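Single chain ahead, by itself, as structure tokens, in the form predicted on its own.
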Amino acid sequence: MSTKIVREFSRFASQYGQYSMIQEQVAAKLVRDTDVIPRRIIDLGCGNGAIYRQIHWPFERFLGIDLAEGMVACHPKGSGVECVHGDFNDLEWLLRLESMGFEHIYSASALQWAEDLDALFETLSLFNIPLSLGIFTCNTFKTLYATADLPPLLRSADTIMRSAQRLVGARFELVEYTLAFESKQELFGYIKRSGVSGGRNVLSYSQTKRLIQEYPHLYLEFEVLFIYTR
């Protein structure tokens, strides 16, 4: 994950809960779709605790991992909860967790920032435990990018699914979301603070002003690829 993306997540960590409505829905779906209740859990890209807040059963250990120190600081604390500053792109570090007896790996709205998704999935497959992953695709903000004449920031669903063939028994579900706003000002403020844009700012002031004027909706589109293994 680039330093700029990490900086953006840390910068708005204290406000993130106000702007993470879609991420909360992704986390809720991942937990709701869990077949076998795990007692020892890893959350990759734990953020401010979206997965943790959805878990309604007693657990032995919950390990949240996030590269943004501001997010780690904001994550809820409690018995059996440990949140650490760590990078899921550091595969050697990640693989050290394999021998610690975890039973399930969750990741809600984080792995779109993986530097090498093929290698990451290859590493996750070595854990040989169930995975529940929600990954934003290139169709997130698709009208916005089209209006600005910018290439999408994220990978396509097809690209992610090809990488996920490394995960034995992976099954996929592609879900579209929309988020409505009362004004363009509110909409563009959300983009800046939600983290979904990855901190990318490639437009000049005049280009941004034109984009705000020409963007045709009072809503944003999101597309999430859900990946489950048993």
Ligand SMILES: C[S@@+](CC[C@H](N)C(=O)[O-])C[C@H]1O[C@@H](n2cnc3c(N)ncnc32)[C@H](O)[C@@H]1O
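Residues carry their position along the shown sequence, with the first being 1. Bear in mind that the values here come from a model prediction, so they are computed numbers and not experimental data.
The form predicted together with the ligand is left out here; the points below concern that form.
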Only hit among L67, I55, A170, L63 for heavy atom within 4.5 Å of the ligand in the model of the complex is L67
Counting only non-hydrogen atoms and a 4.5 angstroms cut-off, does F127 reach the ligand in the model of the complex? no
Although the partner isn't part of this model, could you tell me whether I160 comes within 4.5 Å of the ligand in the model of the complex, counting any heavy atom of the residue? no
Does at least one non-hydrogen atom of L133 fall within 4.5 angstroms of the ligand in the model of the complex? no
Indicate whether I41 is a 4.5 Å heavy atom neighbour of the ligand in the model of the complex. no
If the criterion is a non-hydrogen atom within 4.5 angstroms, does every one of Q23, D87 and A110 touch the ligand in the model of the complex? yes
